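Shown below, as structure tokens, is a lone chain in the form predicted alone; questions about how it binds or moves come after it.
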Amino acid sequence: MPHRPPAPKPLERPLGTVPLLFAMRRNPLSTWTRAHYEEPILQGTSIIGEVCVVSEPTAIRHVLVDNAANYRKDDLQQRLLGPGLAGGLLLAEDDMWRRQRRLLAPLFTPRMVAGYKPAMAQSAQWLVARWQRQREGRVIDVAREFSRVTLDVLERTIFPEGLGRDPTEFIHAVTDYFETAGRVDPLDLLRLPEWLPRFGRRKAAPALAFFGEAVEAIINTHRAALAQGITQTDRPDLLSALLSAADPETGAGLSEDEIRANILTFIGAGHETTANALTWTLYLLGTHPHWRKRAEQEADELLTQSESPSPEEAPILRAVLEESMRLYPPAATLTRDAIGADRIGTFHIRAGTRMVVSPWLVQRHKKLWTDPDLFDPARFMPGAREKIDRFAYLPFGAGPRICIGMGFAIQEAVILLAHVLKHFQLAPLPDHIPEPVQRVTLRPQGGMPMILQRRSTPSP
């Protein structure tokens, strides 16, 4: 019988108000019903008002692209993430978003991203050396290890003087932030006044204070280095771009708050999503020996030619990563609020309707995928990948607000995965079933403990 990767069992009927509030706080993935995985569009009223869950590709395109101006980031996202990320690209709207997107886009062109490959390979080699010092058969938390190495990538590629703190402190702070502020508070769901205290936000305060101090130190250190003329790089870096950015129309730069929010966005969400994608990929390969062997063979071949292969050179590695992100999308839910009335097919959308486009649902939808709950990277191999509807696969979103760092993340993940598979096989613990939980990003509850095993010889 094929191995069925872990996922919450769909409900037969919607939860009542009180159970829904508790379930949303514990794990929003557990609130979806069987109908959500089978119907293209579901519309109704819930505790948060009018809700329309959209899983049909043409309708998704309408919301995220064709009529995107009518749909803005909803207030729940602003409430959850605003204390740390308000003013940054992730939450910005309208002219502020367009201005920031224009200023940051040149850093993520294909040519610029390719220039980061050697640094990413150095981070991969650092991780391999770190694991080679461990004893055979040791249980390691793969989620934490990938969080550490993706932070190392940021230090080598984006922040010229480094992060200035022990990376473990950042990992703890990011985890604490997502586990507290990232939990949906019933008071926010009910849209109650901001002055009512949110328990999660109080618990997130130490993490936010740490981020504030750390980001301030990063900025001050970089400005001091620039003033002394000791920062020399052969490529633009994100921090320099943020500090020197100027709007071509007005000449105005980013405000201090915008700079801080974008730095925090790339430290937090930027490394977290890639780390989660790699974590789930190693778990899935550990439960599917056939695909693990194919991926190992490709990694062996690629790394004899280059220490930093590109995604285009690695169809199997990219396919297993993309299939992992199909089953476990880094961002499980995209939400928008309708500014004005609209119509999608036969559905009338009232102003204020909460529009939900869930990559978790869309990428497991029975009308869009064959055997959607099974791990099958063949879906993304050349010849098959081209047949997938663009709006049926949304791990990085779609439309104008598609993740600006998508190319960076895929390249980073391919290089890290290739180096790990060349040297190691990681086996899941026999009695551990990782539960996917939604905390802004999609994380394995309690981490991902796996057994570290060395590969004695390359795959034949």
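From 1 onward, residues are counted along the sequence shown. These figures come from a predicted structure and were not determined experimentally.
As for the form predicted together with protoporphyrin IX containing FE (HEM), it is not shown, yet the points below apply to it.
- When contacts are defined as a non-hydrogen atom within 4.5 Å, all of 101, 269 and 395 contact protoporphyrin IX containing FE (HEM) in the model of the complex.
- For the residues 402, 35, 433, 69, the 4.5 Å heavy atom test against protoporphyrin IX containing FE (HEM) in the model of the complex is passed only by 402.
- Contact with protoporphyrin IX containing FE (HEM) in the model of the complex, judged by any heavy atom within 4.5 Å, is made by just one of 363, 123, 274, 353: 274.
- Heavy atoms within 4.5 Å of protoporphyrin IX containing FE (HEM) in the model of the complex are found in exactly one of 286-294, 137-145, 258-266, 343-351, that being 258-266.
- With a 4.5 Å cutoff on heavy atoms, residue 336 counts as touching protoporphyrin IX containing FE (HEM) in the model of the complex.
- Under a 4.5 angstroms non-hydrogen atom cutoff, protoporphyrin IX containing FE (HEM) in the model of the complex has residue 89 among its neighbouring residues.
- Heavy atoms of residue 52 never reach within 4.5 Å of protoporphyrin IX containing FE (HEM) in the model of the complex, leaving it off the interface.
- Within 4.5 Å of any heavy atom of protoporphyrin IX containing FE (HEM) in the model of the complex lies no heavy atom of residue 377.
- Residues 154, 158 of 136-164 are found to place at least one heavy atom within 4.5 Å of protoporphyrin IX containing FE (HEM) in the model of the complex.
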